[in-house]
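First, one chain by itself: the form predicted on its own, in structure tokens.
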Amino acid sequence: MSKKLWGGRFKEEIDKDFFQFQKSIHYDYKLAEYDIYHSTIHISALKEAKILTRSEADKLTNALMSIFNEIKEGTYKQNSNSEDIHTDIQNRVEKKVGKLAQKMHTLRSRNDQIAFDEKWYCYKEGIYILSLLNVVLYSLNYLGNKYSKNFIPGYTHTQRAQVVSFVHYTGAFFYMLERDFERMDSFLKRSSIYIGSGALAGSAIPKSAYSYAIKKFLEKKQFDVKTSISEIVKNPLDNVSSRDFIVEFLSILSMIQMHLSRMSEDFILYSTKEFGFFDLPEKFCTGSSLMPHKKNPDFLELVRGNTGKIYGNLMSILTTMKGLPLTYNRDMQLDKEPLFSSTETVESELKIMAEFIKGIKLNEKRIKEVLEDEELYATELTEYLVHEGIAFSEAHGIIGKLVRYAEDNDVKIKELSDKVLKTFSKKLNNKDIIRIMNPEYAISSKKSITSGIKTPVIKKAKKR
């Protein structure tokens, strides 16, 4: 059991089983980089407040930078016996500078540290997620442009409805994820990361010292910090007790996951023999241990399956926070695993999905066969009658009866003579029927949208 940051008032040693139960180092080690940020700012503020000498501050900062370099190089290994990441870093600094390390935690609380660390985590990972969304948006553009002259049947209620351009099909998912991009971008623009809360009532370190320390931190090139979102705390009680930023972050991830899941379901459905529209890239599929012919869309199924976990993580945080009194409560330690789980899952999915989408191929022969289904053009026939002066409700009924007649008599509408067609409406004739019942006409007749050959412009996050 490693040295702790507390314990002076206790006579008994902590129970070993309870210590294992309550420690968090096995997951909060992921916040090590951001805890270094906090300690660096805090030491600088202590120096400015004349609580640390320049020499002491330099020694502590150099020790922290040594640990930070380990983190960036991937050689940092947390001590599994440490209580949490804050304790682990404190103990590592002590090994480097001795008892001087005991001054590093002067006038601060882990309550302040963890709120700071988690906000930085959300901010940094949010920027990464924006970049991953951009790549997926690019892939959807790529696929749409690759088949920009193609059409596919559109569905409502999982029943064939009308012909749509393939670009508009891929564009539907594009706009869903574009909104997710904008939601995450907005979240990042509104992010504020505070320091100086103490345990809950603020710090004895002067505000001017923190202002100076934040300014110096933002100037450090080693941290590669491109934004000035660290601020002096406005309300320390709120800062240490609130996790609504995590709830919002997980909400955005849940919507991304929802859209990825819907897209996955479409791709799965359209790749089945029953539909046969898509040929999925083999390198993201698996086979059967028994059936040699199988090509299973496992990646898509796992994305769809992960949705329960992502939604559950959001509900977990909401439930944890719903009845907590001010300010910090140990329940809030349990916010980290859901946060890390959702973030890492969505990032992995986005990274793979970008490559998956580019590997999709259309079965153009099969799609062409399906587009011969005359029912797909019933709406266009109705619209034609409307333009011929017939009221929409009457035109709707006429074409409905015409479709039913063709079904009952097992005939093609395009093959009906003018004589038969005029029994339904004097405005109908074979020449116009043939002209209307094709994909090109169906798409060109829609005047409220673009021609279907243009794809949306990929969103770019503003430099931070």
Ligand code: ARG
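Quantities reported herein were computed from a predicted structural model and do not represent experimental measurements. Residue positions are given as counts along the sequence shown, with the first one as 1.
FYI, the form predicted in complex with the ligand isn't displayed, but the following is about it.
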**OP:** Name the single residue among Asp180, Asp84, Glu349, Glu125 that comes within 4.5 Å of the ligand in the predicted bound form, judging by heavy atoms.
**Re:** Asp84
Original post:
Here the chain is shown alone; which of Ile246, Ile114, Ile367, Met353 has a heavy atom within 4.5 Å of the ligand in the predicted bound form?
Top reply: Ile114
Original post:
Residues in which of 276 to 284, 103 to 111, 131 to 139, 72 to 80 have heavy atoms within 4.5 Å of the ligand in the predicted bound form?
Top reply: 103 to 111
Subject >> Any non-hydrogen atom of Tyr377 within 4.5 angstroms of the ligand in the predicted bound form >> reply: no
Subject >> Proximity of Gln333 to the ligand in the predicted bound form, heavy atoms at 4.5 Å >> reply: yes
Original post:
Does Phe299 reach the ligand in the predicted bound form if we count a contact as any heavy atom within 4.5 Å?
Top reply: no
Subject >> Contact test in the predicted bound form: Tyr169 vs the ligand, heavy atoms, 4.5 Å >> reply: no
Original post:
If you check in the predicted bound form, do Tyr34, Glu337 and Ser341 all have a non-hydrogen atom within 4.5 Å of the ligand?
Top reply: no
**OP:** Output the sequence-ordered list of residues from 18 to 40 with at least one heavy atom within 4.5 Å of the ligand in the predicted bound form.
**Re:** Ser24, Asp28
